[in-house]
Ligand code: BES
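Okay, here we've got a single chain as structure tokens, the form predicted on its own, with questions on binding and movement later.
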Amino acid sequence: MDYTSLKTNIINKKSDIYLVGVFTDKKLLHLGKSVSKQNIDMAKRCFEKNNFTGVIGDHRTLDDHITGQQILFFGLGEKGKFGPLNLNRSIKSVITKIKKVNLTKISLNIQNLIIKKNDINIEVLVSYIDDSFYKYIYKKEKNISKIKQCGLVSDTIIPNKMLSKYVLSGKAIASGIKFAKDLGNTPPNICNPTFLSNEALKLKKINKLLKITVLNEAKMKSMGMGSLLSVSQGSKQPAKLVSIEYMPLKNQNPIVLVGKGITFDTGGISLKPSPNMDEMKYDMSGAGSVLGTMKALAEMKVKKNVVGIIACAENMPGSQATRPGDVVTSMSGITIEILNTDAEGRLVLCDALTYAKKYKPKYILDMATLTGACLVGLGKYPSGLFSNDDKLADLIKKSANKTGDRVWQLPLYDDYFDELKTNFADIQNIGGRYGGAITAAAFLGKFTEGVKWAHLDIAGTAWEVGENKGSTGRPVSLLIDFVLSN
């Protein structure tokens, strides 16, 4: 979709429908002269008569007899609570309402939407608009939306060069989110470790600076990745470890992003219950978010050194599968007693984290749908955040607040590390009954000593259930902002 800049000082006639966001105070001062006084008066009467509340999800439509177009008022919620999260929700709500209608041009009043103190800018807005048109398509079909142009209406014209820059970045962010969503939504009989590694290799076409390396099982075995390989040995699908290097600058330590890529998780010998097991195709969402972030950064041609690493395997209960009680040796040399084969994400990640250290990273961030315990503790709204460095955690929180991709930090007290002690190896792969998300993070922490590291448990946030079932693409927007900001 193309974007143009329009002014509020004349009646808006350049679209099929004019979208106007309204707070719960129902004030319309931001319209300027883009709507006639007659229509503003009509809108005010309509708001009173039809009880338009201005809450997110509320809409009212008027026919403008002067321009021949429609004016659609949509709720932004309370002004005092407005920020990236509510903007995203309101944009998705109104786009969902109009995208199936036979429209080609829309215009959007952005006076109420662009708020500098809340870090909302054109780039963020464009990413939300483009993402609102997302639909997973398994087979080729016609695009359900015919909307090709969006005019951004404000009291000043945005210079073309500046607008183009914002739009390019916003579209890149939306493209990265779409990529992550598509990977997550792809059926697990298609999206296996080889498929993910091939999708990573395709990124080379975007930016010639990308260097992509795929390690097969033989190579991983020679490097001592016994923990990662213990997860894949029950499946016919071979594991892959993929590194995506984007290093445009010399002498700058990179940020390394590590993603869990379990393309389907049965639980292995510690078999999961069958209800909702289809959702375990989303267990590669950490890897998907890394791939989506790297795609966006490559499209934006950012001047930052970043490395993406994805550890890909399928966890199946085959005849060669790892058993509870088995002991394996990780790449770091740490031996691990596997007490639960359904705690497999940490087993692939620990070798990937050890591998990541070779880049001498400024920071390591890992993303994983790691524990149901995180979902129990935090619900489906924030991702769980764990870190061995408070300053790094604060930087992540700042990016979370800027993007509306929320996180909540949990502790990593020494007590949790004590729960990983065992008589039969250096550590075991699960803790006690309680605090499962924290003991899982503590396990990963054993492999990140000496490095500033953070872990995001996205088990509750990587996909939606119910009517809107599907991948969310989280935390791509957070990761992009974190890289750009640091």
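Predicted model only: the values in this text are computed from it and were never measured. Position 1 is the first residue in the sequence shown; the rest follow in order.
What comes next is about the form predicted together with the ligand, which does not appear here.
Peer 1: Give a yes or no for Lys240: in the predicted complex, does one of its heavy atoms lie within 4.5 Å of a heavy atom belonging to the ligand?
Peer 2: Result no; Lys240 lies far from the ligand in the predicted complex.
Peer 1: Hey, in the predicted complex, is Pro187 touching the ligand, heavy atoms inside 4.5 Å?
Peer 2: Heavy-atom contact with the ligand at 4.5 Å: absent for Pro187.
Peer 1: Whether Asp130 contacts the ligand in the predicted complex should be assessed with a 4.5 Å heavy atom distance threshold; does it?
Peer 2: No, Asp130 stays farther than 4.5 Å from the ligand in the predicted complex.
Peer 1: Does any part of Asp405 reach within 4.5 Å of the ligand in the predicted complex? Heavy atoms only, please.
Peer 2: The answer is no: Asp405 has no heavy atom within 4.5 Å of the ligand.
Peer 1: With the partner absent here, would Asp182, Asp278 and Lys281 each sit within 4.5 Å of the ligand in the predicted complex, counting heavy atoms only?
Peer 2: No, none of Asp182, Asp278 and Lys281 comes within 4.5 Å of the ligand in the predicted complex.
Peer 1: By the heavy atom within 4.5 Å rule, which residue out of Ile120, Met220, Ala343, Ile309 makes contact with the ligand in the predicted complex?
Peer 2: Result of the distance check: Ala343.
Peer 1: May I ask you to choose, among Leu72, Ala373, Met331, Ile206, the residue with a heavy atom within 4.5 Å of the ligand in the predicted complex?
Peer 2: Checking each option against the ligand in the predicted complex, the one that comes within 4.5 Å is Ala373.
Peer 1: Picking from 455-463, 62-70, 35-43, 416-424, which part of the chain touches the ligand in the predicted complex when contact means heavy atoms within 4.5 Å?
Peer 2: Of the options, only 455-463 has residues within 4.5 Å of the partner.
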